[in-house]
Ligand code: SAH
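Shown here is one chain on its own, the form predicted alone, set out as C-alpha cells.
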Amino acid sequence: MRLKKSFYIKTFGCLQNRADSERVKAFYWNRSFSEVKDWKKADLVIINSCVVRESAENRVYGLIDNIKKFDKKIKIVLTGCLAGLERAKILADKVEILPIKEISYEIKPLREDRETALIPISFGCDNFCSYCIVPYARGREKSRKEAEILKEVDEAIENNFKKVILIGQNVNSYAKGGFAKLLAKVAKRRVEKISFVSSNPWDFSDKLIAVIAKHKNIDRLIHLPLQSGDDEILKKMNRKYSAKQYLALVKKIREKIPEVEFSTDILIGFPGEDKKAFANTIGLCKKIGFKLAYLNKYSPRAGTVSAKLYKDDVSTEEKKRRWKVLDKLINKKLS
C-alpha cells in the first residue's frame, strides 16, 4: 500500500533554476511527497521551465503533451520562467501554475551535489537587454538579506560542502553595489572555493576586483558575458559597454589578478550582425583569449524589445557557420 504520493521534477535551463529546484523538492518533501526518477511513475510532475531560447520553451510544451498523452491523471505543476509569463495562461487547462517566487528562501534546499552548494543571492533582473525575456519572467531584481545568505553559507560549510556558487541574474549588482562586501564575508569562511554567476561588465567594480585578488579561495575563472564584440550590436542589445570598455575591464582585472581566466557568453546572429560586426567579435575574442564560451544562436523571443523592433535577418545557416567558427576559436582551440 502506497502511503505517500510521489513527484518527479524536471529542471530546464540555468544554475538559478537548478538552485530553485532544490527548494521546490524540499517544498514537496515537506508535504509528505516522495521523489521518483521516472515521470511515468509519478503522481505529480513538476516542470521548472526555461524560456531564454525558443527551443527550451518548446521542450516544456513537448513534455507536457507527452505526459498528458501517457496518463491524464498525472498532475502537472509548472514553475520557473515560463510560469511568470502571460502566455503561460494558454496551459491553464493542462497544468497548475506555481510562481517560483512563492517558494520561500526559508525552505532549506535538498541539494543534489554533495560538494557544491548553489546559493541564490538575488532574484530577477533590472537590465532589460533587448533580446532577453528574463526580466519579464522573473520581475525586477530583489536581493536577499546578507545575514540570510551568510547563514546558508555557514550551514553548507557545516554540512561539509567544499564549494559555494553565489547565483543571481546579475550577482554583482547585489544590494545596489554591495556584492564586493558580501563576497569578502563569504571568502573569510572555511570554504575551499567560491564562484559566482552571472556578472555583467558594467557592474564589475574596482572593489570587487580587489576582493577577488585578496582572497585565494575565490575562483580565478571569472564568467564575464560579452555577447558581441561590435559596438553597434552591443548598443542594439542594450548592453551598457563598448568593445573598448570591455577589453579595458579585462586588462584591469588581469593586472590585479595575473592568474585569472575568463569564460563568456556570446549571442550569434543578432539582427544587423553583418560580416564586419561578426569579424569585430572574432577580433575581440582573439585579443582576450577566453578559456570557454557559451555560444547561443539568436532567436526572437516574443515580448522582448529586439523581437518588436528588429527583423531576424541572419539566416539559420549563417548562424550555424558562425557558431562553428567561434566554437573552434575558443572551445576547441589547439593547446
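Because the structure is predicted, anything quoted here is derived from the model rather than measured. Residue numbers here begin at 1 and follow the sequence given.
From this point on, the text means the form predicted in complex with ligand SAH, which you will not see here.
K.L.:
Would you confirm whether the three residues Asn200, Gln227 and Asp265 all fall within 4.5 Å of ligand SAH in the model of the complex, going by non-hydrogen atoms?
P.N.:
Yes, because Asn200, Gln227 and Asp265 each have a heavy atom that approaches ligand SAH to within 4.5 Å in the model of the complex.
K.L.:
Taking 4.5 angstroms as the cut-off for heavy atoms, does Asn296 touch ligand SAH in the model of the complex?
P.N.:
Yes, contact at 4.5 Å.
K.L.:
Though only this chain appears here, would Lys236 touch ligand SAH in the model of the complex if you measure heavy atom gaps against 4.5 Å?
P.N.:
Output for Lys236 is no: heavy atoms all beyond 4.5 Å of ligand SAH.
K.L.:
With the cut-off set at 4.5 Å between non-hydrogen atoms, does Val52 touch ligand SAH in the model of the complex?
P.N.:
Answer yes; at least one heavy atom of Val52 falls within 4.5 Å of ligand SAH in the model of the complex.
K.L.:
With the cut-off set at 4.5 Å between non-hydrogen atoms, does Ile218 touch ligand SAH in the model of the complex?
P.N.:
It does not: once ligand SAH is placed as it appears in the model of the complex, Ile218 has no heavy atom within 4.5 Å of it.
K.L.:
The chain here is shown without ligand SAH. Which stretch in 143 to 151, 72 to 80, 126 to 134, 101 to 109 comes within 4.5 angstroms of it in the model of the complex, by heavy atom distance?
P.N.:
Selected stretch: 126 to 134.
K.L.:
Check each residue of 203 to 223 against ligand SAH in the model of the complex and list those with a heavy atom within 4.5 Å, in sequence order.
P.N.:
Contacts from 203 to 223: none.
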